[in-house]
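Take a look at the structure tokens below, where one protein chain is shown in two forms, each on its own, as structure 1 and structure 2.
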Structure 1
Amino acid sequence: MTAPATARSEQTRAQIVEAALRLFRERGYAGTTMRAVAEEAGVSVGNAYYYFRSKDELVQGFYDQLAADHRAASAPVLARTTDLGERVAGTLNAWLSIAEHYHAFAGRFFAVAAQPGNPLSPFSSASHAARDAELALWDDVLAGSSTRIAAQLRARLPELLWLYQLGIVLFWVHDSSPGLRRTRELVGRSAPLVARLVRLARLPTLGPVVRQAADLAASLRGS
């Protein structure tokens, strides 16, 4: 009985998240209430609060699902190639593919999440589960690569790649080109450069510069 019950629970949880996202697109984050989400999902208000204690927690559920979907969508390219540039580009393009459905309301949602101290920020303590899942994915991108990585840089690199991903996401939020062509082009042109910088970090002349940049990025993150 446990497996079917768990499956139903996960289905109800996903149903509530999808309903909330539909309302966010239509009404914005501030204009969406938990009661409206429950009605849209076809569940009682009490049931909605059973799975999510607040709108913020509901959005964290969306972040968690997005991170899980990102890993699943990235798996084929990570299984296919050990080239670091291809692995980085494939992982970013996988995110763009699964997030495309949410692009229409991404700008309004980003305006809320970007507020300093907001728990919906990707840097907040409330977002740690999704953030840790993304960092683990980027660690796997590196682990399966044939590129030799400077030991001093290796520990910092998953976070630096995640920050790079956030930069791509910010560009994506503002991209109005057909089929998000400009964002795809940015990924295609920048991923090989990132891979090249990682390789250059092993050189005695350039390695210290790259590592100093990595330390600077980490300090700005408060690490």
Structure 2
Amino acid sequence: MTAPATARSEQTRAQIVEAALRLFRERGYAGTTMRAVAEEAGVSVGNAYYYFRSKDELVQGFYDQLAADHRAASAPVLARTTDLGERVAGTLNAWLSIAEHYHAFAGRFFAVAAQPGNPLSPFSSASHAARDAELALWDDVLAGSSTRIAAQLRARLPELLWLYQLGIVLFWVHDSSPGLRRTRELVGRSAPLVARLVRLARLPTLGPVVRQAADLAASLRGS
């Protein structure tokens, strides 16, 4: 992070991000120049680069904002029900609602974020704050549910659900159906399935598979 802590710089930084997001929405990512962002924010180009090393990095603001909003938007559902399927679906739908506005340029954004080595990658250490927040959210989803979970699985599950979320996001990015109907449908169908699988994992017959899967999940760490 290039984060200086003074109130003054915080404000300038926020202005720039805000201007950028507004222009991205209006003109798309490619159609928005750094000159335009700087002008819209009322700062010089050099100053914009003082806060963000590249145009790509401007979307970090979007990234951060999204992670914070997600938790807030999920709170109501998590307070309302203890059914795991509903909690999972609700958490994903909350994300879809807050991200909806940015669907048009999210593709470009996630393409940038998907690059290894890019600080915006969800796997990079620069994103670890946002990732940790999401993992904590998924832990809450589990903690408040009435479903009993196989012990082997419990520790790994927030991470697996986060990966599941990334899959949904990937689908969402490519979804051009009106009103994002297809993504909503995918959430509606997959969330109960996920909940069912978590429940099934307690079956003795499935012990070995679950163990194998848990080992696999463990070996994914530290990428």
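Superpose the two forms; the largest set of C-alphas matching within 1.5 Å is the rigid core. This is a predicted model, so every value here is computed, not measured. Sequence positions of structure 1, starting at 1, serve as the residue numbers.
Shown second, as structure 2, is the form predicted in complex with the DNA.
Between the rigid parts that turn between structures 1 and 2, the hinge residue, out of 164, 102, 64, 119, is 64. Remark: the rigid domain rotation between structures 1 and 2, smaller part against larger, is 29°, computed from C-alpha superpositions. In this core superposition, residue 16 moves its Cα by 3.2 Å between structures 1 and 2. Look at residue 46: with the core superposed, its C-alpha moves 8.2 Å between structures 1 and 2.
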